[in-house]
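Form predicted on its own, single chain, as structure tokens, below.
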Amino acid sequence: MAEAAQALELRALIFDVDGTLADTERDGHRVAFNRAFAEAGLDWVWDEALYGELLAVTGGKERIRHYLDRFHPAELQRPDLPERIAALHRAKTRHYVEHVRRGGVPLRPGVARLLTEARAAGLKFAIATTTTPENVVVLLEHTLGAQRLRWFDCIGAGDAVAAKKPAPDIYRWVLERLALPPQACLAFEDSANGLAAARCAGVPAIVTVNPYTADQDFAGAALVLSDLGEPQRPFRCLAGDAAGHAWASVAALRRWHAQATTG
């Protein structure tokens, strides 16, 4: 009985990055992709609407290939296609890093406050994302500071696993390194693909939507929120039972986790 109770106790928070910790997609990655294309002399332009469609594919290199398949299929016949895509993605990462370092991508409401409170409560932190490790590090360093980057016990990012979300591989990779059962964790995602990955790995998940994902199907989420909220700026609960809480606190997380694992 004691072991079962310990397995259900909330011990770690696992965060997606893009769209979850910060609204990086529309004003960060999309802009960086377009700058990389222009730098390479390409006339490819991903406007906001098109990028929203391309987000159905997770992983930057995979997203470029999907775009070519839809709009420039002849490019797929190039013998150097893998190298070309990799080079474009490296350039995109460089532009993204420069953009973040200039302060172009702030954290979403409630993120910094919750991390500080959860750290004081002794909870572990991890990252489970498809974006590159460099993107993760630069975002955390320039929004939280280098000291807080060390709060994260595990960063699962980029090509740490071959299969991207909605496959559960990145969550399983992170869980192995945390040495925790999935029921002892709580995931934070912003998309249906991310939610599917967490659920398939057995990790209960809270979704904080953004403009690109607001209309997706989040059936199975422990809770769907507008954001994590602040005491002076409560979140909107879009689905599920927030149990009377108006912003994400450690007490709220423990309550929501208990609802998801025992309800």
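Each residue number is its position in the shown sequence, starting from 1. Predicted model only: the values in this text are computed from it and were never measured.
The discussion below concerns the form predicted in complex with a small molecule, not included here.
Interface residue remark: residue 44 is not counted as part of the site for the small molecule in the predicted complex, having no heavy atom within 4.5 Å. The closest non-hydrogen atom of residue 33 lies within 4.5 Å of the small molecule in the predicted complex. When contacts are judged by a 4.5 Å heavy atom cut-off, residue 226 does not count as touching the small molecule in the predicted complex.
Proximity of residue 132 to the small molecule in the predicted complex: non-hydrogen atoms within 4.5 Å are present. 89 is the sole member of 89, 172, 124, 99 with a non-hydrogen atom within 4.5 Å of the small molecule in the predicted complex. Stretch-level contact analysis of 65-73, 35-43, 200-208, 22-30 against the small molecule in the predicted complex, using heavy atoms and a 4.5 Å limit, identifies 22-30.
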